[in-house]
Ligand code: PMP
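Shown here is one chain on its own, the form predicted alone, set out as structure tokens.
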């Protein structure tokens, strides 16, 4: 029996009932966060908590217990007996339930808070030799920096990719590669790592931030600078990053082969250093 968190209570997941008037259901008016459990610790929980708080602030959603998220996440791991398993904790907060109106409810209603934990297989498992991705025009809204539940363009892009045999969908806006449907993307040109700068066009990924820090620590040249799709022929390496998959090499974009079809040296080094960081958490 899965135990979930719902509005301050831990209860069987299949007993949770959410109002049809919830603004998350009616307007996708909510935010979410996903944090990874490494069989003994959460990786960069502080970073996830800070991003969650920012998303709440940007959407004007008030959750008085926002600082309790780390404790809730630990409770869900314990209550579901996941201490020794690779797991994810998902949290979603919506503005709450009210009669449908585009205006925010007055007086404000309590938010709807839902969280659950589950065992999972990391996305990069078995993908050490690299994956193929496709490219599609970025049709998402102009506030991709908010971790919003309004993910229809993302799911459409990802489903299009999967249906064609690809592992991810990279978005292009005004000719520039932004990010993927649920990943950040890094491209290596002449030994320099490029990734789209933080802006309203991308989500500030937790793994992305840690990879940037590791690259700078290792003195690997890195520029937070967008790469034009037309410059793809000059790219030697590509990799994507996210919480559930860490670093995954990309060896093909549509029909264009990257780096001779094998992961490059920069990608391999950063994968090793990221794994070293995870091991250091385990032994700290």
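Being a predicted model, the structure only gives us computed values, none of them experimental. Numbering follows the first chain given and starts at 1.
The protein also exists as the form predicted in complex with the named molecule; that form is not presented, and the subsequent description refers to it.
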Exercise for the section: May I ask you to state whether residue 94 is within 4.5 Å of the named molecule in the model of the complex, using heavy atom distances? Expected result: no
Practice task
Indicate whether the named molecule has at least one heavy atom within 4.5 Å of a heavy atom of residue 32 in the model of the complex.
Solution key: yes
Exercise for the section: Find out whether any non-hydrogen atom of residue 136 is located within 4.5 angstroms of the named molecule in the model of the complex, and reply yes or no. Expected result: no
Exercise for the section: Mark residue 183 yes when one of its heavy atoms lies within 4.5 Å of a heavy atom of the named molecule in the model of the complex, and no otherwise. Expected result: yes
Exercise for the section: Have a look at 254-262, 226-234, 22-30, 241-249 and name the one stretch with heavy atoms inside 4.5 Å of the named molecule in the model of the complex. Expected result: 241-249
Fill in the blank from the handout: Only hit among 167, 154, 112, 149 for heavy atom within 4.5 Å of the named molecule in the model of the complex is 154
Exercise for the section: Could you tell me which one of 88, 203, 193, 131 places a heavy atom within 4.5 Å of the named molecule in the model of the complex? Expected result: 203
Exercise for the section: State yes only if every one of 44, 74 and 277 has a non-hydrogen atom within 4.5 Å of the named molecule in the model of the complex; otherwise state no. Expected result: no
Practice task
Heavy atoms within 4.5 Å of the named molecule in the model of the complex is the criterion; list the residues of 43-66 that meet it.
Solution key: 48, 51
